[in-house]
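One chain comes next, on its own, written as structure tokens: the form predicted on its own.
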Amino acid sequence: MSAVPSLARWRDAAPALFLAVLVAVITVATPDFAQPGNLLGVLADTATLFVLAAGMTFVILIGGIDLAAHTIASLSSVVVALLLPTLGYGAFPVALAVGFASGLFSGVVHVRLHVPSFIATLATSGVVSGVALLVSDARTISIDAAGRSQLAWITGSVAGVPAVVLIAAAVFLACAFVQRFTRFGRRSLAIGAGEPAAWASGIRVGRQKIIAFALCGTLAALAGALLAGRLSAGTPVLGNQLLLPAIASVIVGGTAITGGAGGIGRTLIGALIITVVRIGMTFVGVNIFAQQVVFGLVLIAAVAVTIDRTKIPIVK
């Protein structure tokens, strides 16, 4: 009887152990990797991916999926680049509002029209991508020197720690609080664990789902703003390479694709794994496009391990 809990504990600890092994292997191959400056660089590289994946976590916890997060991030970067010269810091709340509205749209389509989440968000992705291309005239919008002066809260540092790392840490703490200490967080897990039971217990499942998608859209917009700040530009395709790593971060960290198990702490571990794997592949000279192949294979393996087959006895 004790073998089952023991196996569960090993499976829960596997992502953290895998991350430790990865870091150890790269450190042996490249001793400079363990230098504090390089480790801070890894955290800075992970920050934007984690913020995007953090929002995705809440959608996956309820058993859904969001295929529009990367396009929302791209549109957010364009909004920031376009409005920064005229609105200044006001460009960032506008970008977050656009992300919130996009996520809200996905949630309403999914819940009110009873459209599967992957179709609803895929359609939203097309709409958002089209808007980004239209407002940017399908080009990169550079942020001039005056605008870059208002990006210090993204590009600067505090006591030697990159500001983007501190922003990601704040997002982590906020999401951890929401998941653990709010009704929304607890109900999200209940919905993912068994939606019929959640309905029977009186949970307003539809509202919870809409909130999850709206939160995902808002954090995707924040990720886009961080990208715009770090690159000093906004582009309608800026987030195109982030969707697969973001989903992989959530699943590799140990959150079940079927929902009901996992959380924001696991997503942080997963995002660090994805970043370290990418850095390791870069060290050995793997082409950036070939890296997407690796991420795809990693995602397949992670889903195969974490999926709860009792919820979906027939896979379609």
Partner chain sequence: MLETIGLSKSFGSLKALNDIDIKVGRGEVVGLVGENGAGKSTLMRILAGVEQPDEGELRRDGEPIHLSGPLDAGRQGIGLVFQEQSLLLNMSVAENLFLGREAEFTRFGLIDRNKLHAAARQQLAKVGQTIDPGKRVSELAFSERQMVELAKALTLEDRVDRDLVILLDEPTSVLEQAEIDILFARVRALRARASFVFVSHRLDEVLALSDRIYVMKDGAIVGAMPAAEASVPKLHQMMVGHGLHGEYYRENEQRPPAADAVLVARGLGSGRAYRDVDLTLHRGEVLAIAGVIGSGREELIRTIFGFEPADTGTLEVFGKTVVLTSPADAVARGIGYIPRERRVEGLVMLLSIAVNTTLAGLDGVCRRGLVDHARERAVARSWIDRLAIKTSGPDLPCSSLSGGNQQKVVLAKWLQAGSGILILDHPTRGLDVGAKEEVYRLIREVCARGTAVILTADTLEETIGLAHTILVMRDGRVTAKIDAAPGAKPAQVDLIEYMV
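Residue numbers count along the first chain shown, from 1. The model shown is predicted, which means the values in this text are computed figures rather than measured ones.
Beyond what is shown, the protein has a form predicted together with the partner chain; the following relates to that form.
With the partner removed from view, the residue among Arg139, Arg186, Arg112, Arg148 that has a non-hydrogen atom within 4.5 Å of the partner chain in the predicted complex turns out to be Arg186.
None of Tyr89, Phe181, Phe118, Trp153 but one reaches within 4.5 angstroms of the partner chain in the predicted complex through a heavy atom, and that residue is Phe181. Taking the partner from the other structure, the partner chain in the predicted complex has a heavy atom within 4.5 Å of a heavy atom of Ser201. At a distance threshold of 4.5 angstroms between non-hydrogen atoms, Gly194 is in contact with the partner chain in the predicted complex. Of the heavy atoms in Ala190, some are within 4.5 Å of the partner chain in the predicted complex. Only one of 218 to 226, 173 to 181, 157 to 165, 92 to 100 places residue heavy atoms within 4.5 angstroms of the partner chain in the predicted complex, namely 173 to 181.
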